[in-house]
Every structure is written in structure tokens, then in C-alpha cells.
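Two forms of a single protein chain come next, each set out by itself as C-alpha cells; they are called structure 1 and structure 2.
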Structure 1
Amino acid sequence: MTTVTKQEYGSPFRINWWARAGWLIAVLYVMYAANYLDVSLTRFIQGLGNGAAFLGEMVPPNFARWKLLVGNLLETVEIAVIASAFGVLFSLPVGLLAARNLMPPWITWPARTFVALCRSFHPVIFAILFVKAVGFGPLAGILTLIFASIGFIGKLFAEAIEEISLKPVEALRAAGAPFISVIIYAVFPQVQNRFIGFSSYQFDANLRNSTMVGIVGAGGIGGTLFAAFQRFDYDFLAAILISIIALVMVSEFISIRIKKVFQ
């Protein structure tokens, strides 16, 4: 029998020198960036000690000002509910107009540009802009989260529509059904469950973001949290954080129940 050597046909696993060079460059850049940003193990270990001391000052939590806490939590929930309702309502037509399998390009491009603009900035940046525009308070937070909702739900809703089967759409069009009937009976039933999932997730996100935008004056419990942090009122800060965690957990439970109802 003739023995075929490895040199005659080459190695079955060839070395990709470009990939290795890419990994080497990535590792070198990470080392350079860590050194430039003063990221070191010494600072990390020192930070663990500072963090432990900080957590020690937060124990036990102080719920003495529970009326202020409850009032701010209710305002946070109201901001999230209103922003989610209007955000979902506006996302429906925007996502529909952005779907390339249903709309012509001269409609989808402006709609997709608007969705991209809504997703371009962090909610805190939007909150700063709206605080300057409409002043401090919940209205700025509501407008901020509406734009954030359109950016998220509008994009996912458009992508969900683009993945539907077009056979029911073509059947209704061939039967002479108007456009709104095509949307209601051929498009929406195929994306209903996904849209409910998107909406419930966005409500959870709005609930968390409503606590964050309050730091810049857009209403909610975030302003109280930031004030407690500035006053070194760490025991009350712990009470606020525990309340936010409990609120998010309740929201998660409600979202799960809603999804089960529509499944």
C-alpha cells in the first residue's frame, strides 16, 4: 500500500494567520486601553474595600419616610404606564410603515430613519433635552420613554412583519379586501403574540428607565434616589433600592401572567 504523507496533501487544519494576527491586535489593544484608562488590579481590590464599607453604611435600610417613598414609586409607575401606552400606540403605525414587504421604499425609508433617530440616544440624553424643552417633572420623563419605546418596539415590530407569510396577504388582496382589512386579518394575527411580548418587555424597560431619568429631573423616584445619595443618606438609599427591586419583580410577575393569558 502507498502511504500518503502529510506533506503531500497539506495539513487538514490550515493555520489562519490573518485570524491569529487579528486576535493578537485585539489583545494588544485591550492591554493598551486598560493602561491608558488606568485600569489596574490594585484599584479593583481597593474598590472592593470601599464598596464593602459603602454597603455597610446602607444597613439597616431606613423606611421611616415611607410616605415619600410610596408617592415617588406611584409616580414612577404612572410615568411608565403612560409612556408605554402611548409608545405602543405610536409604534404600531411606525412599525407598519417601516415594513419593507408591505410598503414601498419611499415610505419605509422615512419610517426607518425616524425609528433610528429614536434609538440613537440614551434615554438620559432624551430626558435632558425634554427637561430643557418642557421643564422639570413627569412630562419630560413620559416624552422621553415614548421615544425610547418607539425606537425599540417600532424596529422589532417592523422586523416581525417582514418575517410573516405573505400568502394570507395575497389571498385577501386578490379577494378585493381593503388595506386595513389586510392588516387586521392577515398581518396582525401572525405577529400578535410577538407584539405582546415586545410590549411587556418594553413596559419593564420603561419601569426601570423611569427610575433613571428622574436623576436629571424628569420625575419619578430617581430624583429622590439621587438626592439621598448626595446627602450621604445611605440607609434611606437602601430603602429606595429595595423598593425599586420589589417594583421590578412585581412588574415581571404581571408580565408573565399577561403572556400566559394571550398564549
Structure 2
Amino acid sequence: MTTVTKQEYGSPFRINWWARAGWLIAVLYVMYAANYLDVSLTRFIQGLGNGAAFLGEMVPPNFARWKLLVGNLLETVEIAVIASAFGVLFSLPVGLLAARNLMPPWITWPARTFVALCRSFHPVIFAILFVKAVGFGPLAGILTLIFASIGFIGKLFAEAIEEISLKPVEALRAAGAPFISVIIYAVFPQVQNRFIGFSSYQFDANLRNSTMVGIVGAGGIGGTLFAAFQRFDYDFLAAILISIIALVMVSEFISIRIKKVFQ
């Protein structure tokens, strides 16, 4: 005798009404927002014609002024290198002060507010303020990217410290080690690798942003780029864009190699 037991699983392809409602809301939102922003298909299609003309003028890229291009790219890289070095240096103490498992609340609160402030403004807003404070030139760009780095690495570093095992810290404290030794021998070895990871990521980000801060006058290739736009010098513009993309790709390749070294 065999008994056939039938089990109901329900349809594996049943309709998820919540998901459908979500998609409907998304479509309605797109229609509403497009209407609000005065974004319409006709304007878009008109723009495509302009875009074709624009691309036509960009080809072939004009590398005749390569000396200017190389000089600007070098300045961009210099801004990124200096800003990364100082940004990493400053974000070490800031991250440490913001870690809630090592510091009392009256220290972590100001440090966390500072980090949040550095992070919530886009670098270009800092760049505008620093151009006003220290004038045109790479110094404003360097200061901008230092603040951007503190905002990013400081936050991640504080989070990494909050996740460490507290046992070595307790052991060192029980042995009567001074605070500096606790940091150097118990905290730092646990977060060192992640810190190097954040730093190399931030260097990449700084390189990308240092190509932009020049638009508001803070040094690097952005100034030349903006000038090329304003003078409708689109074939030189194409050359600048190609060299920026190439620079970023090279730096991504290098940072992948560096990550392999530290794994």
C-alpha cells in the first residue's frame, strides 16, 4: 500500500501586490517630478541634436597643448598626494577621539559632530570657502581635500575602532600601561589593515575630486577644463576628459596592486 500525501506549496510565481504598488508609485512619482522640473521628451530630443553637434566638435581630441595638460595633471596629482597624506594624518586622532568605546561622551560628541560636518558638505562647497580664505591656487584645493578626507576616514576609522576586541585593551590597562601604549599595542594593530584600506580608497577619491576643485579656482586641471568649456574649445576639452579618465584608471590599477601587497 502506498499512501499518496499531497502537500500544498502554493504557486511559486504568486503575484506580490506590494511590489506592484511600489512600481506604480515609482511611475507616478516620475511623471509628477518630470512635470514639476519641466523635463519633457521634446526638450530631451532637442538636446540630443545639440549633443550630437557637441560630440562632433569633440572629435578628434586636440592634444596640441599637451605641455599645459601634463603640467595641470601633475598639479592635480600633487594636490591629491599632499591632501591624502595630511588628511590621513589628521583623521587618526579625530577617529580615535570619536570612538565611543575608548573615549567618554563629552569627547566623542564634539569629534563626531566635526566629522559629520566635514562629510555632509560636498567638497566643492569647502573649496569655495577656502578660495575665499586662502585665495586662488592649489592651497585651497589641498585644504578642501584634507577636510573631505577627515570626514570619510575619520568616520570609518572610528567605526573600525568601535568593533575591536576589548580584551587586549583590558589586559594592557590591568598591567598598568599608560594610555599611549594602550593605543599603540592594543588598538592600532587591530585596525591597521582596515585603516590602510580606507586610506588607499580615499587617495583614489581625492584624485577624482582634485580634478574638480579647479572649477571654482582651487588649483589642478579643473580650472583649465572650465576655461575650455567657457571658450567652447571642445576638442581640447575632449583631450582633458580623456586624460582625466586615463589618470583615474591608472590610479585604480595602482591601488589594486597596493591592496594585494597589504592583504
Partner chain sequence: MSSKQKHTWERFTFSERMARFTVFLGFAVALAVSLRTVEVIPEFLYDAPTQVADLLTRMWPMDLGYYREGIHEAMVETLHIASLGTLLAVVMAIPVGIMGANNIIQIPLLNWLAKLILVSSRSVNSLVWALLFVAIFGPGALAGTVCIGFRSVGFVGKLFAEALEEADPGPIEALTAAGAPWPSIFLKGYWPQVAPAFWGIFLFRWDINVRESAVIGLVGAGGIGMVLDTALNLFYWDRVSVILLSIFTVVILAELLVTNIRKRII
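All residue numbers here follow the sequence of structure 1, with the first residue given the number 1. What we label the rigid core is the largest C-alpha set whose atoms superpose within 1.5 Å from one form to the other. Bear in mind that the values here come from a model prediction, so they are computed numbers and not experimental data.
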Between the two chains shown, which is the form predicted in complex with its partner chain? 2
Is it true that residue 36 shifts between the two structures by 2 Å or more at the Cα, once the core is aligned? no
Using a rigid core superposition, assess whether residue 64 undergoes a CA shift of 2 Å or more between the two structures. no
Core-aligned CA shift between the two structures for residue 50 (Å): 3.0
Shift of the Cα of residue 26 between the two structures with the rigid core overlaid, in Å, rounds to 6.1
